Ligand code: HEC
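Before any questions on binding or motion, here is one chain by itself as structure tokens, the form predicted alone.
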């Protein structure tokens, strides 16, 4: 019995020591920083470049829905113009993540950052302070010209002095930042310097995977690491929406029975985008996507029709909370 008690005593002490070391490492490492190059990209004053950036920010790249405050959510859902002064509260299992002010305010917004710092954040997922940015803005393969257009437009957005709350991670969040979360860029896939907008499947692939992040929501993912664990565009079962709701994002491949759009033609596809929001808590940024041009929608349609067929039914769109 004495030996057993000694064993349990020393085992307990070792476990406590391990826990103490892990906790100490979490608090030492949760705000670790990373190195990444600064892209040679600077804002342009060319009106055509700015117009392209305005279209991307307010349409395909859907920046406005996240970079406004939670108080403006209803106005945004009605399609009204909302300030991009940040503060939207993403309530996650590991904390509260608040979107940043991306107006050109010299202190509270991106006016305090250089063009290269903004470009680095979007291309490599490394913030101006060197910390990893959560994978909410997967623009790592956006072309140089489109990245320049986005920054050029943002430089024209009048400054707004709103200062969003700082992101608050609980202990699990701090542990993830300390040991798991790291910058997602750069990706090994070749990145284009420029793309020519047209209605081809190739351009549709660029829009769907490098600008609008369609695969990011229409593919099953690991919530801890963000890694893709399902076949691309085959749907995500149990994706969290807004206000504690859950959705099964549809299978977008052209499978004749499992594909959500199997019986659609292009007009049906386009009209769905033009209709806007149908499920108010859906994570799909319908307000922004309603602004897609017809040619861009034709390109995405052509790309989706070219995908390999995947026989997977994610379930009804509105879902129950996963077990």
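It should be emphasised that the depicted structure is a prediction, and the values quoted were computed from it without experimental measurement. Positions refer to the first chain, counted from 1.
There is another form of this protein, the form predicted together with the ligand, and it is not shown here; the text below is about that form.
Contact check for residue 237: no non-hydrogen atom falls within 4.5 Å of the ligand in the predicted bound form.
Although the partner is absent from this view, residue 264 contacts the ligand in the predicted bound form, with a non-hydrogen atom inside 4.5 angstroms. Contact annotation: residue 32 falls outside 4.5 Å of the ligand in the predicted bound form, judged by heavy atom distances.
Among heavy atoms of residue 254, none comes within 4.5 Å of the ligand in the predicted bound form.
When you look in the predicted bound form, the only residue of 148, 174, 155, 100 with a non-hydrogen atom within 4.5 Å of the ligand is 100. Proximity to the ligand in the predicted bound form holds for all of 113, 214 and 260, with the criterion being a heavy atom within 4.5 Å.
Counting a residue when any of its non-hydrogen atoms is within 4.5 Å of the ligand in the predicted bound form, the hits in 123-162 run 128, 132, 133, 134, 136, 137, 139, 150, 154.
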